[in-house]
Ligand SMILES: NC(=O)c1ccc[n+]([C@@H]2O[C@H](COP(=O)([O-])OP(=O)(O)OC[C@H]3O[C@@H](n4cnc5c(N)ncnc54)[C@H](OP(=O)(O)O)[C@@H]3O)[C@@H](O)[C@H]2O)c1
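There is one chain below, alone, in structure tokens, taken in the form predicted alone.
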Amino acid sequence: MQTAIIIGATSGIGRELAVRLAEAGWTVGVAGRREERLSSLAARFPEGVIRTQILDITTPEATDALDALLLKTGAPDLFLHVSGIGKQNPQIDEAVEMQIIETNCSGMVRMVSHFVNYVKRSPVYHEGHTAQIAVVTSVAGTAGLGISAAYSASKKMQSTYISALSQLSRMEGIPVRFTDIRPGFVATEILGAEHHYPFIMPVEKAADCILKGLRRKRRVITFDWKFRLVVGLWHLIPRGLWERMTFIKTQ
């Protein structure tokens, strides 16, 4: 039986992945801030399939909560960090910018670094067992979007952090494998109903793409083909030209 831990499983992609893995016979540890949502998720399955833990990644106590969840599940095969926030903020509201950075950057580093150190200490992983660590970033990390500056920067930081840890794990012989999950627009609460986004993907299809990439042990998962094309074109635009493309906005 395989085991997964999902940080940020109360809604959206995290919740859908928890359901899919549980239905496939996995034991799934789920963490998030909203207790009632975690409880309702666990209630869908026989006792012990879904194991819950209240956890707020923006607090120092989050590592203690993660340790508590690890005790409930044992050493997981898959560690999925999905938790994050994103907002359009053309007004550059400082409180909004800092909330995004604290959640997506500080919170992600807190969780992922703590789990990597757990792997380093655990004899389970040094007996030929490798942990797969996957972080949901975004195609927005490709370049800075003016209406979502902090969000774009936070996603770039996440991808860079994963890349650095991947290199470090090889240098230090840490038995982990990293996957950078880069979705485009997925129909979840994070988008907000007041905005209109192009190429929106249902969360069910997003979960299909992620699970397919994880099974293939892909280092980077970008979905779907439309966003792979967009990202490819994005890389070809010179920085000076990109910064003058003021028509790039979502309303």
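Numbering starts at 1 and follows the sequence shown. Just so it is clear, the model here is predicted, and its values are computed rather than measured.
Another form, the form predicted together with this ligand, is not on view; read the next lines as being about it.
Judged by heavy atoms within 4.5 Å of this ligand in the predicted bound form, the contact stretch among the candidates 212-220, 64-72, 29-37, 43-51 is 29-37. A residue is said to contact a partner when one of its heavy atoms sits within 4.5 Å of a partner heavy atom; Asp224 fails this definition for this ligand in the predicted bound form, lying far away. In the predicted bound form, at least one heavy atom of Thr103 sits within 4.5 Å of this ligand. Val82 belongs to the set of residues with a heavy atom inside 4.5 Å of this ligand in the predicted bound form.
Contact annotation: Asp208 falls outside 4.5 Å of this ligand in the predicted bound form, judged by heavy atom distances. In the predicted bound form, this ligand lies within 4.5 angstroms of at least one heavy atom of each of the following residues of 129-164: Val136, Thr137, Ser138, Tyr151, Lys155, in sequence order.
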